[in-house]
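Only one chain is given next, in structure tokens, and it is the form predicted alone.
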């Protein structure tokens, strides 16, 4: 097992851990709404050197394709308003300004963005559901906004086939509580490049859960920044990659305000000779962000030979006046001792493997807080394991 663990980062200096050392500050990335301002990435580009560029090509080449928006199916409880926002119509574009070519394509290629707004003081107890169905070459831009002291949960279900570039722009009002659960449940041949960017208001609480189980290649970048003091952001992620799948997740916490909190926890399992996962976690604590408390964690469970997981946490600190900052990363194989223990208790190998993987994901799934989503994910994981067991049995015959 490969593990790095830093419970308290050294202040007064930028600190990185892992194979990737960013060029300059993470907060100095070029941004633009102009697709042509971003060149086609190559394996030499730091932001794409872990990416499956060949698989992502249909998304990266969409700039010249006819505008073809994804299909939306919105189920919004009473009191939640839905509408559209044209390019340049606020609040669209006030938080998410593209940092890469895929985000720029999604922005420029979506003439009318879906706008979901929860009014101030509303306590929405039922989840707001948005199903996004991709097409051969589709784009989407969704703006989710909560008013002051509102509470809501939004479930985004990505499904279908083709190549999809999608943005999710989030404005979390002061004192409000918002949870977004993004489910990547694409068909096996789908390709998805996504950018989710949130601004967390003063004393607001934001939880983002990314679950990637489907698709041939998924590249999801999730960013949270702060619009005032006392904000809290939690980014959780779960992924299961099997043969032929490339699942890539990039998280960025931009601590740009004082006395804010963040926590990042992503877990993944890989099974199959060509299974691949990538997690890049960036945290930037700016000079003005005194009193910051942050931690990020990534753990990967490798079930078979040939599977590969890249895990790179990065921590950049510009002030010594912080409460705490740390990160941990671990990638390890299936524990033979655990298997031996369970087998010695009369449990079959197939069931033992399922128990271990279920236990690996259980604590994270239970933090989602939406019972039907949690139960559905456990069923999906069981199906993935059944598929793996079938392939494993064929290989060992």
Partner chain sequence: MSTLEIKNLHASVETPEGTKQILKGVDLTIRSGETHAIMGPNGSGKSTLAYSIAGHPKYTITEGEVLLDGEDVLEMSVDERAKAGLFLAMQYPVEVPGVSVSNFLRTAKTALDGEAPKLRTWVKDVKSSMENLRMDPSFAERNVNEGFSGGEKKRHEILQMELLQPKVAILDETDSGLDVDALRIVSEGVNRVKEDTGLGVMLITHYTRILRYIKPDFVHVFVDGRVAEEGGPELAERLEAEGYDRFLASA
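Positions refer to the first chain, counted from 1. Just so we're clear, the structure is a prediction, and the values are computed from it rather than from any experiment.
Keep in mind the form predicted in complex with the partner chain is missing from the figure; the text below concerns it.
Segments offered: 28 to 36, 368 to 376, 51 to 59, 348 to 356. Contacting the partner chain in the model of the complex at heavy atom distances within 4.5 Å is 348 to 356. In the model of the complex, at least one heavy atom of residue 344 sits within 4.5 Å of the partner chain. Within this chain, residue 334 is remote from the site of the partner chain in the model of the complex, having no heavy atom within 4.5 Å.
In the model of the complex, the partner chain sits within 4.5 Å of a heavy atom belonging to residue 362. Within 4.5 Å of any heavy atom of the partner chain in the model of the complex lies no heavy atom of residue 40.
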